[in-house]
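One chain comes next, on its own, written as structure tokens: the form predicted on its own.
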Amino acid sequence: MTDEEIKALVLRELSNIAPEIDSSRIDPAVNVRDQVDLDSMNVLDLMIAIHQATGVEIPEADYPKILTLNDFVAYLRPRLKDR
């Protein structure tokens, strides 16, 4: 997957969890949780949805490493290169 495809996937899953957000206004360098006011359950739902969509297991210990859309790309890109 390309970086843009990964971003689109994350934004699609984010929109499924929080349909009221305008995903076109998400700044890829700013904490997603802060931009769309996600609570901890929403974050968990997002991580599960991304796992289901990609097959990439995201351990809870890694959640603090994945704060921005750019972080999602950096985290998922090497794990998706063989898919």
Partner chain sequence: MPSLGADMEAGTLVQWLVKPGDRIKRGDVIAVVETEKGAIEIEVFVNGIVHSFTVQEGEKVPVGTVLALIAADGEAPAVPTPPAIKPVPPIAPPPVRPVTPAAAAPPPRAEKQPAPAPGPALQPSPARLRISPLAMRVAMELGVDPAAVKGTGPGGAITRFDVEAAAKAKAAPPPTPPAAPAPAALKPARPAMMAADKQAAMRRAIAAAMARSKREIPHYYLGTRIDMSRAMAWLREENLKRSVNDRLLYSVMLLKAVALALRDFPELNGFWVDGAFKPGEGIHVGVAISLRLGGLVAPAIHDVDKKNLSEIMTGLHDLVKRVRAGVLRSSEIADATITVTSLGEQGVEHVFGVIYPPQVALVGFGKIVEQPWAQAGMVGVRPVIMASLSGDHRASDGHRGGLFLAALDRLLQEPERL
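Residue numbers count along the first chain shown, from 1. Note that this is a predicted model, so its numbers are computed, not measured.
One more form of this protein should be noted, the form predicted in complex with its partner chain, which is absent from this view; the next part is about it.
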item	value
Contact residue in the predicted complex, chosen from A74, L67, A18, L11 - any heavy atom within 4.5 Å of its partner chain	A18
Contact of I26 with its partner chain in the predicted complex (heavy atom, 4.5 Å)	no
Contact flag, D34 vs its partner chain in the predicted complex, heavy atom cut 4.5 Å	no
Contact label in the predicted complex: D22 to its partner chain, heavy atom within 4.5 Å	no
4.5 Å heavy atom contact, I48 and its partner chain in the predicted complex	yes
Any residue of 48-81 that, in the predicted complex, places a heavy atom within 4.5 Å of its partner chain	I48, H51, Q52, E57, I58, P59, E60, Y63
